[in-house]
Every structure is written in structure tokens, then in C-alpha cells.
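We begin with a single chain expressed as C-alpha cells, specifically the form predicted alone.
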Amino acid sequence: MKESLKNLADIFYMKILTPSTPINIQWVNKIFRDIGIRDESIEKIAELNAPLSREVWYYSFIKAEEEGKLDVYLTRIAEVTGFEENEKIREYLQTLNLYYKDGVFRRRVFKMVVLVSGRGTNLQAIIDAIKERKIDGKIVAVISNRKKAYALERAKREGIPIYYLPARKNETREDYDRRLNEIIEPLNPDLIVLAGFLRILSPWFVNKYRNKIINIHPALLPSFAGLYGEHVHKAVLEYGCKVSGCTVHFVDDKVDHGPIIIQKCVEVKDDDTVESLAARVLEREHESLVEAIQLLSQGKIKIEGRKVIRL
């Protein structure tokens, strides 16, 4: 992201070097005030009437990005300098979750639907990462097959739309998933996150959202596939493993089988219990899930067969 930001700043810096441009440090300071950014460094440099160096110009881009107003700042710059998009610039913008349309830079919202069945600690990790701007995205719905899942309360507190979708008697997996899709399809999400969703998705649903569904598994796949919750950690301890961990993977039509995005390890200690091991693995789950969503939202993932390659 930093490299794309610097490259974009350089493109506009070459434009503001022309004699006719009105852009100087006072202009930057005024625009910052107009769009609601307060920065003492920019204000002091403006008071000194110092030249608008490349370093200060780049700093202004960093500050605008940190404040979540890079799109507005770029639009104001382009109004003065003009802007011509090309494939390389589109690539920079995509990395920054921005796009250019009708003379305006806009922030692309990476939309997620999260499916849950339990406490929702992984959901909370995503919510916190969005607040901290580690993830530039939005959860557009949280859906649970269990009415008392505490994850629904977590979403409700944040104003995220919640849905309770229980299974019907004698309903097939595909029939359930078709009802699930009636909620999801109108939302047009970029990603569906299984964060402790205790249902196996049907091949029909997986194929409809191929490479757009990810799951977090509390072990190092392919080991202990098909197990969930405490059953995984109990099996790890009984087997005598020295290392465990977690896996974030794409979902395919086999259980815990799709291409692996991220794995993180934890040591299995001699005195570990199911509870102590689960607690350490859960910390890695939160880290891994956030990291995977970051990569996906920035378009930095490529799938080749079973290999997931970071771009």
C-alpha cells in the first residue's frame, strides 16, 4: 500500500511543478482544513511559507490516507491539475481501495457477509480491525443458524444487520443454502467469511460463490480436518502433536479442504489442556483471519491450483 501511495503522490507531484499551478503548501493547508484534517506539521510549514517539497507532499498523502480522506484529497487535487487514468494508475488505486469515476475519486467498499454459530470472537476481531483501519471494508450482514449465538449481539451493538436463519425439519443442505442465498445475493458481497459457522455448505452454494468464501479452522490442515471446536484440540493433544495452530482457507465442496491462504503455528506444551491450547490457538485465529481479509480486500491473492500466491 505504501508503495502505491508514494507512486500516486509522485504522479501528482510532477503535475504541481508546472509554473501555472496554484498548489503550494498554503493550498494544501487550506484543503486540509476544508476537508476536516488538522495537522500541526502542515500548519507550521504553511506559516513558514516553506516550499512544498516532495517529502512534505508525500507526507500529506500519508496523512490523508490515515484520516480516511485520501479520496476527497485526490479529487480536490485533480480539480486543479487534471487527471488521466491508465492501467498502472488503476493498479495503484486498487491497492488503496480507490477508483476514479466521473471526475471523482471514490473509496471502494469491500463488502463482507459473516456466517456464525457461536460466541463470535473471530467476528469481533474483524469488527475491531475495521475500526482500527487494518481492514478497509464493511460487514454488510451477520447471519446465524442459531438464535442464541452471542455473535448476533456483537453485530447488533455495532449496528450491523443481523439475520437468524434456522434449518427447517427434513430440509436438505442445498435447500437451506438457497434460502441463505436469498439474503446474501442482494447484498453482492466481495467475501463470505465462515467464522465458526457450524454447517457444511452445499456444493451448489460453494460453486455459486467460488473463491469468495473463506473459513477459519483451529488446526494445521490437512491435519484434523472435519473436526471443530474443542474436538480439534482434544485430538491434537491425544495424538501427541508438538505443534498446532490454525488455517484460513478457501472453501470448496469438501470439508476443510480448499486452498490454504494463511497458517499460523503455536507450540503444544507438555502441560496443555484443551482449554489452554484452544486459548492460544484462538489468538492466532484472530490474527490470521484479519490478515487474510486484508490481502483479499487489496487484491493481493492469486490462486493457482491448490496454491495461494501473495502478489
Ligand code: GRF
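In this text the structure is predicted, and so the values were computed from the model without any measurement. Numbers follow the displayed sequence, beginning with 1.
Absent from the display: the form predicted in complex with this ligand. The rest refers to it.
Stretch-level contact analysis of 83-91, 161-169, 176-184, 113-121 against this ligand in the predicted complex, using heavy atoms and a 4.5 Å limit, identifies 113-121.
Remark: residue 282 counts among the residues lining this ligand in the predicted complex, judged by a heavy atom distance of 4.5 Å or less. Using a 4.5 Å cutoff between non-hydrogen atoms, residue 218 counts as a contact of this ligand in the predicted complex. By the criterion of a heavy atom within 4.5 Å, residue 196 is counted among the residues contacting this ligand in the predicted complex.
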